[in-house]
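A single chain comes next, written as C-alpha cells; it is the form predicted on its own.
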C-alpha cells in the first residue's frame, strides 16, 4: 500500500531516452519517500537526472519503468492529484508583454482560483510589490524566479516542487527566499521538494536530502545524520607520528604539522583516546569538525558514482 500521508513516493522510477547505441539511461531505479512538512533537498551535478525526475513527478514525462505517487495516487493514472502541487521547472515562463500582476491574474483565472487579495499578498511575500506593474520583459532572472514562486503558490498547494528556485538571485535575495521557503514548511505545513546545486543553501533549510549521480540515488537521509557520519576529528598528540601510525590501523588519518585529522565519528572519540593512552601517547586536545554539505556532496559524487 502506498502511504497517503507521503506527498511523494517513487518506486523504481526509471527513464530511458533513445535506443540501441544511442540509449541514455537518464534516471535509474529511483526510490524516494518525502514526508509531510519536510523540506527535501534533491542534489546532483548537472545532467545527473534531477530535472528528468521532477518532470516525471509532474507528468511532463512518462517513465520508462516504475511509478510515481502524489499523496498516494499514481501520477499516471490520477493526474488530478497534481492539483495539490505547485511547481517551478527549468525556470519560470511568463508573458513578457504583461506585468507581473497581470501574469498572475491570467494563471489564477485559468486554474479557476482567482483571488486578487492573494495575488497581492504573494507578490509582497516574494518582494515584488514595487515592481508588480512592470512588464516581465524588463525583469531580471532573479525577479522572474521570485514571480515563479508566487505563481507556484497561487492555488495554495500542499506540495511545492521547485527546480533551482534561487537561480539568478543575489546573496540577499537567496537569503530572503530561503527564509520564505522554510516558513512555508514550519508555519504553513507545506512540503517542499527542492532541487538545487547551491549546497550551502540546501544545508540550511532542508530536513532530508537525496544525492543523485548519473541517474541513480547514491545517498539519502537526514542532513544531520549524513554530515555526522562524515565528521572528522582534529587531534593534538605527542609523539605525532607514532599517534598517526596507531590510529591509521583503524581510521583514515592525515598528518599535519602539529595535529592529526582523523576521519571518525564523534562517538568514536573514547575509543581513540583509549588506543592512544594504552600506547603512552600524550593527548592534548580532540575537536570534532563536521563536514559541510558541500564537502560531503563532493566526496560522495567522486567516490560513489555508479557505473554501467
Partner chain sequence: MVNLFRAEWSKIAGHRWLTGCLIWIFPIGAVAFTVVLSIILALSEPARTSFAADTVTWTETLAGAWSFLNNPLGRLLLIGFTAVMFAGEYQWQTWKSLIPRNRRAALILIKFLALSVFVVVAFALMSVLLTAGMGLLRAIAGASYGPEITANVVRAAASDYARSAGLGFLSTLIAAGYAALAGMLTRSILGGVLVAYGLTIAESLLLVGLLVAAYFLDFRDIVHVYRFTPGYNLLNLDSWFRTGKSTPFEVAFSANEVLVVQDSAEFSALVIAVWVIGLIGLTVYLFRRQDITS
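Quick caveat, the model's predicted, so the values are computed rather than measured. If you superpose the two forms and keep the largest set of C-alpha atoms that fall within 1.5 Å, you have the rigid core. Positions refer to the first chain, counted from 1.
There is also a form predicted in complex with the partner chain; it is not shown, and the following applies to it.
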| query | finding |
| --- | --- |
| Contact residue in the model of the complex, chosen from 271, 60, 65, 255 - any heavy atom within 4.5 Å of the partner chain | 60 |
| The single option of 137, 234, 109, 133 touching the partner chain in the model of the complex, heavy atom within 4.5 Å | 109 |
| Check all three, 15, 91 and 154, heavy atom within 4.5 Å of the partner chain in the model of the complex | yes |
| Residue stretch of 98-106, 122-130, 177-185, 207-215 approaching the partner chain in the model of the complex, non-hydrogen atom distance within 4.5 Å | 98-106 |
| Contact flag, residue 170 vs the partner chain in the model of the complex, heavy atom cut 4.5 Å | no |
| Close approach of residue 79 to the partner chain in the model of the complex, 4.5 Å, heavy atom | yes |
| In the model of the complex, residue 55 touching the partner chain (heavy atom, 4.5 Å) | yes |
| Interface membership of residue 202, the partner chain in the model of the complex, 4.5 Å heavy atom rule | no |
| Residue 76 C-alpha moves between the shown form and the other one by 2 Å or more, core aligned | no |
| Core-aligned C-alpha movement of residue 200 between the shown form and the other one, 2 Å or more | no |
| Core-aligned CA displacement of residue 116 at least 2 Å between the shown form and the other one | yes |
